[in-house]
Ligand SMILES: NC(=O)c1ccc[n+]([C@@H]2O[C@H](COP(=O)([O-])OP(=O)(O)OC[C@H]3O[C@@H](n4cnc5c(N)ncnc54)[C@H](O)[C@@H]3O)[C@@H](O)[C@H]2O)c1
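Read the single chain below, which is given as structure tokens and is the form predicted alone.
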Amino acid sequence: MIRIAVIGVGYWGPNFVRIMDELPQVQLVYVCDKEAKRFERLSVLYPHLTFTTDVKGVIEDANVDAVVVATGSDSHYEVGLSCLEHGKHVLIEKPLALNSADAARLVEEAQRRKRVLLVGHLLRYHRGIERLKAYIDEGYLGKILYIYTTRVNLGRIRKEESALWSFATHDVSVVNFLVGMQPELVTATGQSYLRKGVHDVVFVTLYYQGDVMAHLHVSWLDPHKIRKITIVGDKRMAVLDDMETTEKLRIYDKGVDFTPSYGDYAESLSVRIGDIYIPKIDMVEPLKVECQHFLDCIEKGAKPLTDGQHGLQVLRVLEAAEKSLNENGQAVRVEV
């Protein structure tokens, strides 16, 4: 039995409470938040749990084996580091920290203490993303040419965290995973319409080795709610639409064929329009998969799919994008 505490139940934390309370190998020891009013609804749903505002006491309790840190992103580093220093395994919601220096410190501490550090890059545990990666690795889509993602909706408006740090974190994590590498260069442009200095809409372009590029559009100021990833390969193309309830993934047998023997170059290229294939995907709630993976890593001493190093790499891309934003879209090299 793994004894776990959840710290932070403002927005995403209650979902961790729900899932951890359901998993058979978990004893949920504490639900913790500095604001006691957040316990009102949860204490009705989970009257058997212990609720506390004493963050320090939870972290220092020797009966706690692991901690889920679902506090505001500005406290991820402070709370996460304290948990690691007290020998806890830690699952930290994304982003791992607000800068790569702090993230590197967390990675170092987890390695030194031999503790599991998992970063909550949720889409890495999405069955549709796993299927897309399998198609890419087996060459079914051919050589990947470019990827573009759209993650927009109207609200929830953040006060400190920009759309880049709140939304693009997901897409950088996913695209890096699908492509299998870090981008070399990043450009980003955007605007702050609602709050000065907090970008509501951002367009990011990532440049990878092999002429692969990815374009990310993120915003909380848009009339539509869209969660879509499009991958263009030289054999086939794929679209993952997470707003679809059942048919989330579609494979398009479309492309441009090249005929070696030709009189004119333009005549050698022909558009191919084939079938659309909709694979069956047995969906499981990604957060439940993530939590179970965290527990498995603790029990087996395994490396998480989204470990601290993964979170650090995502942060380095975001920092490059932030710098490009501040330099009016100038290309910025990503730190290795």
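The model shown is predicted, which means the values in this text are computed figures rather than measured ones. In case it trips you up, residue 1 is the first one in the sequence shown, and so on.
Keep in mind that the form predicted in complex with the ligand is not shown, yet the notes after this line are about it.
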Proximity to the ligand in the predicted complex, single hit among 79, 152, 141, 110 (heavy atom within 4.5 Å):
79
Exactly one of 248, 94, 131, 115 comes within 4.5 Å of the ligand in the predicted complex through a heavy atom, and that residue is 94
Would residue 182 show up as a contact with the ligand in the predicted complex if we use heavy atoms at 4.5 Å?
no
Flag residue 156 as yes or no: does it have a non-hydrogen atom within 4.5 angstroms of any non-hydrogen atom of the ligand in the predicted complex?
yes
Can you tell me whether residue 70 touches the ligand? I mean in the predicted complex, with a 4.5 angstroms heavy atom cut-off.
yes
Mark residue 241 yes when one of its heavy atoms lies within 4.5 Å of a heavy atom of the ligand in the predicted complex, and no otherwise.
no
When the ligand is placed as it is in the predicted complex, are 18, 26 and 46 each within 4.5 Å of it, taking any non-hydrogen atom of the residue?
no
Report the stretch among 307-315, 277-285, 293-301, 32-40 that approaches the ligand in the predicted complex to within 4.5 Å, counting heavy atoms only.
32-40
Can you list, in sequence order, the residues from 1-15 that come within 4.5 Å of the ligand in the predicted complex, counting heavy atoms only?
7, 8, 9, 10, 11, 12, 13
